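Before any questions on how it binds or moves, here is one chain, the form predicted on its own, in structure tokens.
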Amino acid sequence: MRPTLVLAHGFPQDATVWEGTPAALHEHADVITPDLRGFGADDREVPNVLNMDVLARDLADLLDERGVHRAVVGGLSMGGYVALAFAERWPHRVQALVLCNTRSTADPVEARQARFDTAETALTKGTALIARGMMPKLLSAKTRREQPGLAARVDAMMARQRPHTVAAAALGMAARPDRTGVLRALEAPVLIITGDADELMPLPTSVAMRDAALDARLVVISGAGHLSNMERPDAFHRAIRDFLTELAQAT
């Protein structure tokens, strides 16, 4: 049976980070790439603190609307936090998990404070400043040098997000718990993808998730930073296609 793959985007982004992914994977899965609550074209009400559990509930509702009981649930960066929250609440609905450039642990004190600062900056100075500050760590130096057009698109995507949504999501990420235990308990297979030049999520964070999971594969994409799906789309999509092929053969 053809699986459904739902992919949650990162922060402070929208579904355009997955441009090209549905077409690249259409032979292997029905791909859903929604704008998360308040991001992109989504106009749902956003609370002052946008917890990952709320976003996971939104994904569950979306799958319900489409009549999908089980799915391959995945996410990039913040989207990975959402996918883990989904797997914690509805493990029976997870056919497999795809975690891209993310981590399962909670933020340490310094990182939480940085989230609070981000929220304050978004509300008082705007999202363009947030985008400008994040850009050097989102894309590898190689990508920024060789793909200036991509860097410009990513910058514009982040700058156009609503300040209230960006602030609320930053506070929601700061509040998230450690979900490494979700990986230890989840019986579904897990694909972990990262870039070897990811400064925001260094390789040990992905290795730790692989080691914690019962059944996990780690793919490290050479030359990619934090947005491995956009920087090296061919390698990224190949990793997911291989994973979906093996998943189909096992069922």
Ligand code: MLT
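Counting begins at 1, following the sequence as shown. Computed from a predicted structure; not experimentally measured.
There is also a form predicted together with ligand MLT; it is not shown, and the following applies to it.
Contact annotation: ligand MLT lies within 4.5 Å of heavy atoms from the stretch 75-83 in the model of the complex, the single such stretch among 75-83, 91-99, 119-127, 142-150. Among heavy atoms of Gln13, some come within 4.5 Å of ligand MLT in the model of the complex. Ligand MLT in the model of the complex is not approached by Arg179, whose heavy atoms all lie more than 4.5 angstroms from it. Contact annotation: Leu200 falls within 4.5 Å of ligand MLT in the model of the complex, judged by heavy atom distances. The closest heavy atom approach of Met134 to ligand MLT in the model of the complex falls within 4.5 Å. Site annotation in the model of the complex: the residue of Val154, Ala71, Met173, Ala87 reaching within 4.5 Å of ligand MLT with a heavy atom is Met173. In this stretch, 204-238, the one residue having a heavy atom within 4.5 Å of ligand MLT in the model of the complex is His226; the partner itself is omitted from this view.
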